[in-house]
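This document starts with one chain, in the form predicted alone, laid out as structure tokens.
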Amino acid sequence: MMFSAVVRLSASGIRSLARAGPSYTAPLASRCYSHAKAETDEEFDARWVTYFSKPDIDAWELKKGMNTLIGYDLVPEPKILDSALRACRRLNDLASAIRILEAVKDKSGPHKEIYPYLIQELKPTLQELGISTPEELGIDQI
């Protein structure tokens, strides 16, 4: 008798679940892609050259810009680095200039041909501004 009562209660419980009103589920997440125009490589480079070429750039803006730039999944073009190194010179900040070169070397990662290419392209600027590379200073061995 007890068993039949349990079966009857459980059966009525299942029926009540089946009769329950429509259940609402959360809408599926959808991605909202931007309809803005994608930035070309040339526009990206021009934006960063303009940023570092600001005559009133301060040390914080320089470091913030380099931190953002190094955070991207790319190695900056020589013209961007040229502009950043010139900003370092305007600020008389040799340490930041050397840090930029070290960051670019680190960013080049396993692609050993990138860093020498960048130094080759930046050599005239480095000589003009009196900036030594980490290798010339011997701090790449530390």
Partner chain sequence: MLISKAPDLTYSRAYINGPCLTHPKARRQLVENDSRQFYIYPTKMLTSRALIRGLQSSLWRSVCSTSALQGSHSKVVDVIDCSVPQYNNRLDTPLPDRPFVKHDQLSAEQKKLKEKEKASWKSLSKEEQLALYRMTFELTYPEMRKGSDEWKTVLGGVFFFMGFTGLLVWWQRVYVFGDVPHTLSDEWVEKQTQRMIDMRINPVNGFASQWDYEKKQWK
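Residue numbers count along the first chain shown, from 1. None of the values given here were measured: they were computed from a predicted structure.
Another form exists, predicted together with its partner chain; not displayed. Remarks below refer to it.
- Of the candidate stretches 92 to 100, 75 to 83, 113 to 121, 43 to 51, only 92 to 100 contains residues with a heavy atom within 4.5 Å of its partner chain in the model of the complex.
- Residue contact with its partner chain in the model of the complex: I57 places no heavy atom within 4.5 Å of it.
- Remark: E39 does not count among the residues lining its partner chain in the model of the complex, judged by a heavy atom distance of 4.5 Å or less.
- Within 4.5 angstroms of its partner chain in the model of the complex, the stretch 53 to 73 places a non-hydrogen atom from each of L62, K63, M66, N67, I70, taken in sequence order.
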